[in-house]
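Taking the form predicted alone, here's one chain by itself in structure tokens.
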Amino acid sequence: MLAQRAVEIATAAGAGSAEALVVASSSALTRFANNRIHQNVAWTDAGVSIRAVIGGKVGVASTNRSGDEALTQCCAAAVEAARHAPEDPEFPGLPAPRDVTYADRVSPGTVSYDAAARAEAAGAIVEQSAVRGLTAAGGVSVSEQSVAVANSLGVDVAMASTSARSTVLSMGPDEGNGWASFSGRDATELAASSLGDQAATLAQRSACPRDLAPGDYAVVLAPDAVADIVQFLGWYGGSAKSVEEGRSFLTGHAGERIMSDAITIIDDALAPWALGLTFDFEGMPKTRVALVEGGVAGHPCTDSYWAARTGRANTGHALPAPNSFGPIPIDLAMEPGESTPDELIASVQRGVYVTRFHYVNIEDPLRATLTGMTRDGTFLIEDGRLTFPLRNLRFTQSAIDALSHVGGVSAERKMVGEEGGALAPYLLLEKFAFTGQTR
């Protein structure tokens, strides 16, 4: 109702057409460090963003103040901004309505996961480190979000979702660190004690790490590390804007084999594992997009602007206006294989096991060259088993090259991260370039 009311006010104020985006959210976080809870916070917010269109001119204004007066002022500001905006001859206008497939993305268990439940989970996580003489830090968070989009052409959609996340870093003497994470829709699926045990066990096994000479090694990457690669490929290369501007690994390669046939990377907001909305911030239905299918370069994501500009179909990946990034995939996944994590490790004669990456940045978007370091659970693999822990390693590696030499993909996958996250398997890469130790 609020979105529709805002559209009416903006149109009455002089907009040729108008769009309203309403986002209401609530989040709560319980953080712990030094084996005790040290912060418990909760916050709520609700905001309205108005996009006013006059010919080929667009203006945007937003407010989180409630009431008709604030809404009227916001709409007037958007119209005034449109009047003074430069003309964009390529702006296709606001999109017309399309059928949206909705999904139930609200978990009652997350909605009722209060401070007491978060404290209990934090305590169970911490206990696994405390009883072993280790120190744990991390957090347990939950969030609810409702999004509504309406425009003067008839778009009128709304949907709610919930999410939960927990991370723990367990730290011990002699440089031993271990990491574990949980992401999902339902907070009651968080197995807190098990999560704490994973991190604490890694911390114990990581004590007294040794050096490893720089060079190319086979690696087995756990899902937290694989998710980084998948998300960087999607964020920096999965947009029609980045492809058209010549700064994507997909640019000029549609239909060409660019990776191992074991690699398929998709964005699919309608999949059962997806956490967020089934429509974008223009109210357009999201569709499945294969960025890479069986190692072959696919097609990027679009929104209404970049669909019109490139002659592609609108895949429903618009971000809130104004948006300088272009359409972005946020429901990413790497398709599974058939191996178990233990089978991947057992197939490596000498290599490195990586729990997660840290401080990852992109150096060359055309080759998706990433730089960063390993962290919180890095081990040497010898004769098919994990032997001694390693000091964290720096790397500079093209993801395209690394994913061209795949020794196996696990059937098991895990959701990693926030803002949609990425569903990632364990992955055996036959060649990965480590450039040195961290200090």
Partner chain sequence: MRGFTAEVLDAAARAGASYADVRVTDTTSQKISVRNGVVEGVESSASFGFGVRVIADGAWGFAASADLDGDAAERVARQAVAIAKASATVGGHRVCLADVGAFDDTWSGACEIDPFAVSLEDKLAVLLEADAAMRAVSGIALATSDLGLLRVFKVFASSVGSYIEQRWTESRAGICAYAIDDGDVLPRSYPNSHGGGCYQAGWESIVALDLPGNATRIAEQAVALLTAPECPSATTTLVIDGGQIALQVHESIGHPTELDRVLGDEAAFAGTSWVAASDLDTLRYGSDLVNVTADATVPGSLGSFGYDDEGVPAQRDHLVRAGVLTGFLGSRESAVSIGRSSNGCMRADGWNRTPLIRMTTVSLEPGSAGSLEELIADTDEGLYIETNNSWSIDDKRLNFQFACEIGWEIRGGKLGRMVKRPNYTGITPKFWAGCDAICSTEAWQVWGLDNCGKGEPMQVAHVAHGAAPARFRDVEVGVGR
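Numbering follows the first chain given and starts at 1. Since the structure is predicted, the reported quantities are computational estimates derived from the model, not experimental observations.
The same protein also exists as the form predicted in complex with the partner chain; that form is not shown, yet it is the one meant from here on.
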Please determine whether Arg105 contacts the partner chain in the model of the complex, using a 4.5 Å cut-off between heavy atoms.
no
Give a yes or no for Pro95: in the model of the complex, does one of its heavy atoms lie within 4.5 Å of a heavy atom belonging to the partner chain?
no
Verify the contact flag for Arg247: yes if a non-hydrogen atom of it lies within 4.5 Å of a non-hydrogen atom of the partner chain in the model of the complex, no if not.
yes
Answer for Thr378 alone: is it within 4.5 Å of the partner chain in the model of the complex, judged on heavy atom distances?
no
Would you mind picking out the stretch of 336 to 344, 280 to 288, 353 to 361, 188 to 196 that comes within 4.5 angstroms of the partner chain in the model of the complex, counting non-hydrogen atoms?
353 to 361
Pull the contact list for 33 to 56: residues with a heavy atom within 4.5 Å of the partner chain in the model of the complex, in sequence order.
Ala33, Asn34, Asn35, Arg36, Ile37, His38, Gln39, Asn40, Val41, Ala42, Trp43, Thr44, Asp45
